[in-house]
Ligand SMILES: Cc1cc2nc3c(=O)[nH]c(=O)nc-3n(C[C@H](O)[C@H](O)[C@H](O)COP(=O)(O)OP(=O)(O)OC[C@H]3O[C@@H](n4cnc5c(N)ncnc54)[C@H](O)[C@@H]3O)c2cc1C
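As structure tokens, one chain now follows by itself in the form predicted on its own.
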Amino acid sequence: MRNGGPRKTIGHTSCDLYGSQRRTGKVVLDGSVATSSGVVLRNWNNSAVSTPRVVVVPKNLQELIDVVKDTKYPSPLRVGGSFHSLNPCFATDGTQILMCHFAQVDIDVVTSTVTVGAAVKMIEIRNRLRPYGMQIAVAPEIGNATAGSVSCCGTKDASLGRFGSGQVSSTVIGVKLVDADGNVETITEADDPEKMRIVRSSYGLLGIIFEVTFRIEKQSILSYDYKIFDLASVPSRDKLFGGADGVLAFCLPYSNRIIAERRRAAGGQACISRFSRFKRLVRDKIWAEKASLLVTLVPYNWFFNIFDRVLVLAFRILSLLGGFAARRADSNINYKFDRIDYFDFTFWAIPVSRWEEFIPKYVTFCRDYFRETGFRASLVSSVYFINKDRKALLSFSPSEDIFTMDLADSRPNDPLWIEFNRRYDAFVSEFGARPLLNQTKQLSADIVYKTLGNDWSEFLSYHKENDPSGRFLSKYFVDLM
């Protein structure tokens, strides 16, 4: 026993789970199946849980096919990747599939592709491509995300340039999956672009993806600098960018400030000095670890106000030091699973055309909730600017460029945080916003139909045709239908 949790040991093959198993030791399986009585699999910040009757770890493709076809493995079948989803999209009371053995990496510089197993993390792909001077065109912040998940779900990175992609699934040009009948399908952008478009936002509801092919390109170097604006006079999109190729911003609605991290393409051969590497490290420590650490240790409104000022000061100093240079792929962050490091957030994408209208109303929304309940978000809201992208059916930027406004807090299960998200869903949906079904909190069927509209109805029709028995259909998705 450790931290009050059991260590399950069956056979000899190790499969390192995240969530509760991450903290109570490895669950060791025989490479096939283990009855999971009493096992609870949690996402990285304990805000969502899965309680499968069976956990299965197929060693190869044939075993995966057998799992899908054999009804002794109860429905719904759901894959658990890195357990980094922010809601229960991975959860099941049937069979949890862990793809640990699908971990191959095949780099083809001639065709500018990398083909990987579904379990390979984005940060590992980055590291494997680096010696070749190559990268995937989009570097999602959550480097823990697995290839299988990003090929059919959504996550984000600020677009670079007016036409650069912002959705990592758009760099996926092929997948192999096992469908609801146990058949192996190969789907490629070249042979069937429409089906590829549907798969890119299928959330595992059309089959178990076991192999993914990404388009790759030469690595790019970016220069980073910072500009701080007062939200009393909302800066335009162009003023926020200041001629930069891309922007990630940190919005502080309670302090009426927004910090723009401006990113400019510096060319693949640009020099990255040791001082730049140090400043990049400091930036990532602040963003990925120290921010959540401090507000977790001192969880009080008065400290959150102080922390806002400290954060602004830190980025002012970083700017005075001249910014830094870094590879674009360095945006991948390997998030830790310790309580003092994690936080919770929700995702919404809002059309850029609503920027100057939205921001003052968003500040008012946050402050009104604080006055009513005494609750304010402990962390900054992250704002990614992402280009129009129609390469996935449920794309979050199908009609025009978007910006995200992602609430973040260090108390994932606080009832006031949960209610805050419910109200935010209703508020932001009035601005033509779109959610992600794996990263948006407290979604309801009404909100999904309102925001995804005909695209959601089209996807449901396609799903019903391809999985009529609901082999992959979990309660989370049923409730959104």
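Numbering starts at 1 and runs along the sequence shown. This structure is a prediction, so every number in the text was calculated from the model and none was measured.
The form predicted together with the ligand exists for this protein as well; it is not shown, and the discussion that follows is about that form.
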Exercise. Look at the candidate spot formed by Ser82, Leu86 and Ile209 and say whether the ligand comes within 4.5 Å of a heavy atom in all three of them in the model of the complex.
Key: yes
Quiz item: Hey, of 452-460, 55-63, 409-417, 433-441, which bit sits against the ligand in the model of the complex at 4.5 Å between non-hydrogen atoms?
Solution: 433-441
Quiz item: Taking heavy atoms and a 4.5 Å cut-off, does Thr146 contact the ligand in the model of the complex?
Solution: yes
Quiz prompt | Exercise: Arg200 in contact with the ligand in the model of the complex, heavy atom 4.5 Å | solution = no
Exercise. May I ask you to state whether Phe90 is within 4.5 Å of the ligand in the model of the complex, using heavy atom distances?
Key: yes
Quiz item: Does Phe307 make contact with the ligand in the model of the complex, using a 4.5 Å heavy atom cut-off?
Solution: no
Practice problem: Report the residue, out of Tyr335, Phe315, Trp355, Tyr369, that has at least one non-hydrogen atom within 4.5 angstroms of the ligand in the model of the complex. | Solution: Tyr335
Quiz item: Here the chain is shown alone; which of Ser165, Ser75, Thr115, Thr155 has a heavy atom within 4.5 Å of the ligand in the model of the complex?
Solution: Thr155
Practice problem: Give, in sequence order, every residue of 343-359 that has a heavy atom within 4.5 Å of the ligand in the model of the complex, or say none if there are no such residues. | Solution: Phe343, Phe345
